[in-house]
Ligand SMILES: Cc1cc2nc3c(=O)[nH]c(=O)nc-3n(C[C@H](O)[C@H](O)[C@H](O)COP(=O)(O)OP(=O)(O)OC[C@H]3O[C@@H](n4cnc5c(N)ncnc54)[C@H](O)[C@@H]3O)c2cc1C
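Just the one chain here, laid out as structure tokens, in the form predicted alone.
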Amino acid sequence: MTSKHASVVVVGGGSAAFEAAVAARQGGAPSVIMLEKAPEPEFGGNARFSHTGFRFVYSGADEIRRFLPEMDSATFKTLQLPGYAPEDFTADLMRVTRGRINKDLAEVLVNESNGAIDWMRELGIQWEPAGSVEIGGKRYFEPGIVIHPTGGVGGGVSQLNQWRAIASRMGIEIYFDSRVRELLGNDRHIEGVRVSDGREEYELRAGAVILCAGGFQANPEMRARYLGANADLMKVRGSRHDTGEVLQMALVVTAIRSASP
């Protein structure tokens, strides 16, 4: 079996995968390869079907202005941007989850949200105002969701194409039609993946493997198991390629680690 090598392998082709790949390249990884199971016209996972709303902490209008440099001053003044504090974000997370949330992870999400959006802006992601309600010539937004990547309601494809252009400029390779068959290694160290594409099956060894392909909504059996009775009968919108096998591989490795003495 053919064996290939990369410094970092990212499994997945959606927005999280692009962000991980770009961050790895920025961090000094000499070579980064993304493995996307879908064919090129369908790449991107569920991000392809998203309106790409981002909820994040910000201080007020002056901060948002940096994301909308092309908007004229008169139009910008119609945007009502009172700010969204960390405690507001935390309260919303607690409300929508009814308190069933990992508080440590929530704290990371809240505290890093502003830096993450600024990082995207600095990389070159273009932004526009999110959905709003106009009253008396002023535009009001859902708290914390005031901008999203350009592309309107169907902005998911636009965001993916922007990420793809950034990744290409950074020398990140994307392998389409590339299904991960197996994680190589053991419960202590994952050293690569076994990949199957339209031509061959091969091993791709790497110094680090990042999994960004955990969705399973396109797998009726997993929906029934994890989402409850009759979930397998639901009409599902989103990527038909999100079938959960990479998540299952990761769960097996976790189970082995848990069972280890």
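The numbering used is simple: start at 1 and walk along the sequence shown. Note that the structure is a prediction, hence the values are computed from the model and not measured.
Separately, the form predicted in complex with the named molecule exists; it is not shown, and the next lines address it.
- Interface residue remark: residue 9 is not counted as part of the site for the named molecule in the predicted complex, having no heavy atom within 4.5 Å.
- Remark: residue 33 does not count among the residues lining the named molecule in the predicted complex, judged by a heavy atom distance of 4.5 Å or less.
- Interface residue remark: residue 53 is counted as part of the site for the named molecule in the predicted complex, having a heavy atom within 4.5 Å.
- The closest heavy atom approach of residue 147 to the named molecule in the predicted complex falls outside 4.5 Å.
- Remark: of stretches 231-239, 24-32, 62-70, 199-207, the one touching the named molecule in the predicted complex is 231-239 (heavy atom within 4.5 Å).
- Counting a residue when any of its non-hydrogen atoms is within 4.5 Å of the named molecule in the predicted complex, the hits in 18-47 run 35, 36, 37, 38, 44, 45, 46, 47.
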